[in-house]
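The chain that follows stands alone, in the form predicted on its own, written as structure tokens.
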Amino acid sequence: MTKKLLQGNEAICLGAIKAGMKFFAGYPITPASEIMHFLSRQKDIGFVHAEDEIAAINMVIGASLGGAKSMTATSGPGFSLKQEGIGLAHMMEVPVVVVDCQRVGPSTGMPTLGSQGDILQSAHGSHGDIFPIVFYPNSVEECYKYTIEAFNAAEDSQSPVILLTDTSTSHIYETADTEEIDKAAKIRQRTLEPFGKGTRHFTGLAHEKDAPKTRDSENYKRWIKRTKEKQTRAANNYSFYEYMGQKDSDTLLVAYGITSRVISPLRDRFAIFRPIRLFPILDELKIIAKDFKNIVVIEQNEGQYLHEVEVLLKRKIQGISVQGGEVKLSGIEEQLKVLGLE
């Protein structure tokens, strides 16, 4: 028997260690605090209880520049504070992993209840144009697996990668066969030279190679084009999703995280598409959606992913918003009836 009883947050920690993480910095915040608690007891990584979330993101950037695979973890309020640092890491092309265990917001919100309110923030939170890779697991085993993939994608893209969870996914206990996942896992090694070696210049300013260029608009256009192409190439190696077809239905339900698990009993009546790589948004969804008359996005927010899907599909789609920290199948079924979908 190789299965272990793990909490979602514990699985994230074990996945990070498996991926080669050597430094963690964070600040306690519900529902992410178990990640700090677990990693503080590990003797083979560098660990810092930072004074705040801003310090934590900058510490992991510095550690990554120094040659260590690095991670930080937080919830919505802390994720907001980290956005300037995340933008800095995008400009400097620094691989780090940022875990956001979402709770009801804005501000302090409802700290002990879950939400999916940081979807747009994960993709567009920084000022300026960024093209982040964002993963969202829905089980303890997936927390382990996609933490490893988040580190791989960070190294592949040389950029921050976001791993989203919610209170339910972070706090649920399930058995997970991590050894079985390890058999298929491929760990991408660090290739970026550490700070102090080579000639690479690190700056948050617009630049070209090792020289800041803050008044050269043509250079900035070249940088944006190169960065977007680099992120797209890297993301294409991580096109993770789950599709459960239903030939007798003309309706496709789209859901992610804990919400996708709640609606799983509906797979006998509807087709279900679950994006695991939320961003860049999957082209596979565009292909699959062509076969369905109705598209319904079900999420714990006021339609954040719905609007992204509408842009992708270039058609009007429907949404069901589940708010207040609870996701109930009965309530979702009632709203499907209101939409005329039985």
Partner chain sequence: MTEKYFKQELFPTIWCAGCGIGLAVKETAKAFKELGLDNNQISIVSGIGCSGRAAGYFNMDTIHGCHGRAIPVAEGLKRANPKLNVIVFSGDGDIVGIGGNHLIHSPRRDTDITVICINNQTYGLTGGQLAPTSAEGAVTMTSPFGSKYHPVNIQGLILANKRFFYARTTVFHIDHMRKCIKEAMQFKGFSFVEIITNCVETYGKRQGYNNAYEMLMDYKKNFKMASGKDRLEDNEIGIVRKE
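Keep in mind that what you see is a predicted model, and the values were worked out from it rather than measured. Residue numbers count along the first chain shown, from 1.
Although it is not shown, the form predicted in complex with the partner chain is what the next lines describe.
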| query | finding |
| --- | --- |
| Contact residue in the predicted bound form, from K186, R233, K225, K197 (heavy atom within 4.5 Å of the partner chain) | K197 |
| Proximity to the partner chain in the predicted bound form, single hit among D177, E84, D129, E174 (heavy atom within 4.5 Å) | E84 |
| Three-residue site M59, L65 and A68 fully in contact with the partner chain in the predicted bound form at 4.5 Å by heavy atom | yes |
| Contact segment among 250-258, 202-210, 160-168, 72-80, judged by heavy atoms lying within 4.5 Å of the partner chain in the predicted bound form | 202-210 |
| is_contact(M92, the partner chain) in the predicted bound form, heavy atom dist at most 4.5 Å | yes |
| The partner chain contact in the predicted bound form: L306, any heavy atom under 4.5 Å | no |
| V296, heavy atom within 4.5 angstroms of the partner chain in the predicted bound form | no |
| Residue contact check: H49 to the partner chain in the predicted bound form, 4.5 Å heavy atom | yes |
| Within 4.5 Å of the partner chain in the predicted bound form: residues from 2-25 (heavy atom criterion) | F23 |
